[in-house]
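As a starting point, one isolated chain is supplied in structure tokens, in the form predicted alone.
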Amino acid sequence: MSETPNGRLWVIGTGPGPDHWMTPETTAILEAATDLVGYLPYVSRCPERPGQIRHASDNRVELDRARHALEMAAAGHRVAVVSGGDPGVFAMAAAVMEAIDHGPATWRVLDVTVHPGVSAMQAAAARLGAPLGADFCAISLSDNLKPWEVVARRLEVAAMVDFVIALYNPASEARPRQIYDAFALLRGIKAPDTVVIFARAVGRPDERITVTTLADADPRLVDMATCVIIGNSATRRIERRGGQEPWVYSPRSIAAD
């Protein structure tokens, strides 16, 4: 395909769910794009525009999806690659960059930009206060693209140095055991009363927030729509009246030894 000066590619995130969590910049890009490329559920969240073409696909073809988007941009299309949440957090920005890195040299002169969105862990944390208020890390439990041994080692080290940990891709029909293995590992390192948050479908009608402890956490509550947050040793609950979930925060200060 010959490159034209009008083609460009935006990599965007629509946020965790509700339209009001989508940035104005993302809304403008969705209005300007001639083509949308992404995982079917994420593309389905985008408002339909007359004449705009949707290229929806399965969730395991990220590189193929990125290459297709780049080919269309090189042919003069204005392409929006759509992720949920933030496109740079376990999402399509990395796939697009990898495709450019290993693709034809002509892709390196394309107008490609990445635009931030509200991540699932940010939305989950905001529901409860400030559980990510101290040093934290995000780890994907998916072993589709890396060995489970690598995932487990990273989880172990993060627990040992007392990060707050946000777990992405915790469980699916194809990967039902990883969340059980992750909790077994964490229970061997962290205190039983460590705060655990299960935040499912935050911002959507079927939202469900559960605040519990590491000892009592039930992995059966977890699916691919769930973001799991494991507190550090200082993470605290603030109990509330009226049956509301407690506020949770991780203090920014740490006393010197």
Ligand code: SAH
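Keep in mind that this is a model prediction, so the values were computed, not measured. Numbers follow the displayed sequence, beginning with 1.
The same protein also exists as the form predicted together with ligand SAH; that form is not shown, yet it is the one meant from here on.
Although the partner is absent here, residue 120 sits close enough that one of its heavy atoms falls within 4.5 Å of ligand SAH in the predicted complex. When ligand SAH is considered in the predicted complex, residue 99 lies well away from it, no heavy atom lying within 4.5 Å. Interface membership of residue 26, defined by any non-hydrogen atom within 4.5 Å of ligand SAH in the predicted complex, is ruled out.
For residue 197, no non-hydrogen atom is located within 4.5 Å of ligand SAH in the predicted complex, even though that partner is not displayed.
Screening 149-157, 129-137, 108-116, 85-93 for residues having heavy atoms within 4.5 Å of ligand SAH in the predicted complex returns a single hit, 85-93.
Contacts to ligand SAH in the predicted complex (heavy atom within 4.5 Å) from stretch 161-195: 167, 168, 169, 170.
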